[in-house]
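The form predicted on its own is given below as one chain in C-alpha cells.
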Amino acid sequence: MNLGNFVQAKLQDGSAIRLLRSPWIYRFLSLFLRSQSPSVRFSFHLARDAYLKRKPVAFTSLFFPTELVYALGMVPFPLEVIAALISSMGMAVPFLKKAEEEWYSQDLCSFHRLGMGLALQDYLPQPDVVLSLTSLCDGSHRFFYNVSRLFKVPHFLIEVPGNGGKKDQEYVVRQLKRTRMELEALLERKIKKSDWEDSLGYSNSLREELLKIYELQAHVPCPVSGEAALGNVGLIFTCAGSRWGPELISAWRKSIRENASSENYRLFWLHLRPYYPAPIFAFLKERGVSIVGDELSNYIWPRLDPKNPELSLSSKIYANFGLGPIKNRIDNIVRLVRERKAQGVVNFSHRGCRQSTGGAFLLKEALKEKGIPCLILDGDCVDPRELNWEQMRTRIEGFLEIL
C-alpha cells in the first residue's frame, strides 16, 4: 500500500479533514509502515503526534531551529514544508484559491497563500504556539502572525538583525532564552540538560551525514540526484534535533549509487524547485544535466554545544548565507560552484519571494564577473498555474547551447 497515494485520494474526495483527526486511521496505516521509507515513517509520526495532540504542537517557519522544539518535547509542524508537500500531490490550486477568495493577493508568496488556504479550510492541526524568525523571508513572520491570530495562540518571533556580529548574536541569544523560558512556563515543562544533549546531539549527527552527501556531490559523474536533494530541503530543517534526523539522512546516503554514465553538463541550483508535477527535471536528465548541489540543502552550521544551547542555535541561524548583504550569498555560491565543478548556475526565481527576485539580476551580474554563466528561470515553487513550460524549455535549451 502506498501511503502517499492514500493521502492524496483522501484530500481529493474531501474526507481527509475527518480522517486526519481519527485515531483508528493511524492504527490502520501503522500496519503498513514497515515497508515504507524512513521519510514516510517520519512524516507519519509527525502527523499522528500533531493531529491527535499526543504532544504539544508548534507551527514553525522553515529556518526556525527545531532543536528547541524537540528539547521541549513538542512536535514541529512546518507550514511552508506542508505547502510544498500538498503541491507535490497536485492539490495546491483549491487551497490557493481559498486564500485568494479571502483577499490574500496572488503576488504574495504561494507557500504562505497555500498554508493559509489549508488553515482556512481546517486542514491543519490545532497548534499550541507559533514559532518563526524574521529571516530570510520578509512575508514569513506576517503570515505566521496571521496564523496565530486565526488559531488564537501565542506567536513567538525571533528577530534576526545584521550580519551576525557579536552584538547581533547576543541579541538573538537573549531572544532565544526568553522564548525558551516563556515556552517552559506555558508548557509547564523545564528543559533538562539531557534534553539539550539529545536534541543538539541528533542535530550534530545529522550534520555529519550531510557532509558525506556533499562529498558525493563533488564526484564526477555526480551520483546524487539533484531533484532528490532539493526535495529533501524541508526534511533537513524539520528533523534537525530529532532522533529521526541522522537516520533519515543516513538512509538517503546509503541509497545513493555511484553512476557510471557520463554527464554532459554540471549545474548548481539556486533557491528552491517547483514542487508540483512538472517536466523540468525529466527534461534536464534527458539532456545529460546533473544538478550537483543547491543552496538550501547545502546549508551547514557549526557543531552545536549542549553546554551553550542558545548560543549554538544563534550560530546556526547566522550560518545561513542568505543573511546580510547579497555579497554573502554570492561568495557562498562561488565557493560551492568551484567545489562541485559546476559549469553554470540555474536560479529558479520564485515569483512570490521578494528577496530572491529582487537580487536575481545583481546575482547574475556578479557571477558573470566570476566567469560563471547564470540562467534565471521565472516561475513559482508551489502554484502550477504560473508554469509556462514551453518558454522555460526554450530558455534552458539556449543556456545549454551556450555552455
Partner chain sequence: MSKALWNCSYLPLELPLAFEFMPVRMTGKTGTTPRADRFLPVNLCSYARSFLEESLLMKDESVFLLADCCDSVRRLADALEHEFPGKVFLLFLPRSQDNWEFFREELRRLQGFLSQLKGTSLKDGQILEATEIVAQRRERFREWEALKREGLIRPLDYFHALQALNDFSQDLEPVKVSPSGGAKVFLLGTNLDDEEVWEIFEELELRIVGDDLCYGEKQGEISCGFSRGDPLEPLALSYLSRPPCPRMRNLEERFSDLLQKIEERKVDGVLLFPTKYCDSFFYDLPLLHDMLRERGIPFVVLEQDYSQRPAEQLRTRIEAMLEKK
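What you see is a predicted model, and the numbers here were worked out from it, not measured in a lab. Residue numbers count along the first chain shown, from 1.
Below, we refer to the form predicted in complex with the partner chain, which is not included among the displayed structures.
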Checklist entry - Out of 184, 122, 138, 208, which one falls within 4.5 Å of the partner chain in the predicted complex, going by heavy atoms? => result 138
Checklist entry - Tell me, which of 258, 286, 102, 331 has a heavy atom within 4.5 angstroms of the partner chain in the predicted complex? => result 102
Checklist entry - residue 324: heavy atom within 4.5 Å of the partner chain in the predicted complex? => result yes
Next on the checklist: Contact with the partner chain in the predicted complex for residue 171, defined as at least one heavy atom pair within 4.5 Å: yes or no?
Outcome noted: yes
Item to check | 4.5 angstroms heavy atom contact with the partner chain in the predicted complex for residue 357 | outcome: yes
Checklist entry - Would residue 134 count as a contact of the partner chain in the predicted complex, using a 4.5 angstroms cut-off between non-hydrogen atoms? => result yes
Checklist entry - Can we say 142, 146 and 159 each have a non-hydrogen atom within 4.5 Å of the partner chain in the predicted complex? => result yes
Checklist entry - If contact means any heavy atom within 4.5 Å, which of 103 to 111, 189 to 197, 303 to 311, 290 to 298 contacts the partner chain in the predicted complex? => result 103 to 111
